[in-house]
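Taking the form predicted alone, here's one chain by itself in structure tokens.
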Amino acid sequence: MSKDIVLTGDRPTGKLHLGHYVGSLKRRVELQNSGKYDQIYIEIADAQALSDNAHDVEKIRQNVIEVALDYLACGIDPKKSTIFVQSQVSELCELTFYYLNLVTLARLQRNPTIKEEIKHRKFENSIPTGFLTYPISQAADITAFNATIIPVGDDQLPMIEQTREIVRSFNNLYGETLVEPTAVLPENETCMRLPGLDGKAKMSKSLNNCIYLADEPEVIEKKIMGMFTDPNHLKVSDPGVVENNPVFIYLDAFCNDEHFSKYLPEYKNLDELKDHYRKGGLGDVKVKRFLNSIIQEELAPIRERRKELEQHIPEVYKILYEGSQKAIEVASQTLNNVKEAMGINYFNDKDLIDSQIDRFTNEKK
């Protein structure tokens, strides 16, 4: 009987931000607490983070715990989900090595996500090989745990498709061994890719346009009040544009009718607020203050829980260790299955040994 297994994760290159939260973290907690899934694995992908941070290992070392704290603060429960550190599961490296033979260099270079990330990082003609083969490493992560469901943003769809191709290639060559995964997008389309505070296409640590989950209230307020909005909405009386306006995109992602009764009772819902903004007579400051109230309400319990966890760092590392040990057990079994399918399980293959005995015995006769 097939199982429903979820795998997801993040690169520990910094604290997690609001984009991570609406794009994946909040959804992970919902999946975890739904009781619908047999297993949920959440990976801190430090080995993949090193593919473009090899010169700064300390950055990754420090941020593994930051990501773990954010996970736990948001409601990831180690009793329900297995949190593990990628580099501690060496079986993933070996699986990656075998899968490398199933993908051409040209195919990797055509991967839209990789192309975009190479451009973003200005690698040009000096692409680290580890970074270029990132999709293969991700395929190893997914298949190691027989994951069937991968919650992702739309920018990650090409990566999952490449995993599916690798699974099909392996199974065609060596027999049905690996499980083909399915990507699951956020239900709220706005949450697929939250824009940065500066209006850039994506909230990104490298662009410094984020609200971090650990930010203090005054920091959050300052960031929201300085958000990019409609550049032509200069006076309160001016008509404003809602579409592609970051402030309203954030409201689409976070607000509900209850927020209006609590913080902005002169409006019944977001549609009324948008209509007023479009007509003119509604200032950006008022809308941003409303957004600030909503974000503060959302992040306050996460921030407080994180502060509590920061007082128990050894226990957090213990959670990561135990999760990694569990991940090793599962990945080891998959690796054994892969080696058996490929016929490179030499010391456990009795038929191979017996056939060699017969071959060499017959040669002597």
Ligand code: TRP
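Note that this is a predicted model, so its numbers are computed, not measured. Quick note: we count residues from 1 along the sequence shown, nothing fancier.
Same protein, other form: the form predicted together with tryptophan (TRP), not shown, and the subject of what follows.
- Put simply, L50 is far from tryptophan (TRP) in the predicted bound form: not one heavy atom of it is within 4.5 Å.
- Though the partner is left out of this view, V152 does reach within 4.5 Å of tryptophan (TRP) in the predicted bound form, counting heavy atoms only.
- Heavy atoms of H17 never reach within 4.5 Å of tryptophan (TRP) in the predicted bound form, leaving it off the interface.
- In the predicted bound form, L335 stays away from tryptophan (TRP), with no heavy atom inside 4.5 Å.
- Contact with tryptophan (TRP) in the predicted bound form, defined as any heavy atom within 4.5 Å, is confined among 293-301, 56-64, 316-324, 40-48 to 40-48.
- The contact residue chosen from T177, S87, S169, Q156 relative to tryptophan (TRP) in the predicted bound form is Q156, the criterion being a non-hydrogen atom within 4.5 angstroms.
- Note on the partner interface in the predicted bound form: the residue among N209, Q138, Q162, N146 having a heavy atom within 4.5 angstroms of tryptophan (TRP) is Q138.
- Contacts between 10-30 and tryptophan (TRP), taken as any heavy atom within 4.5 Å in the predicted bound form, involve D10, R11.
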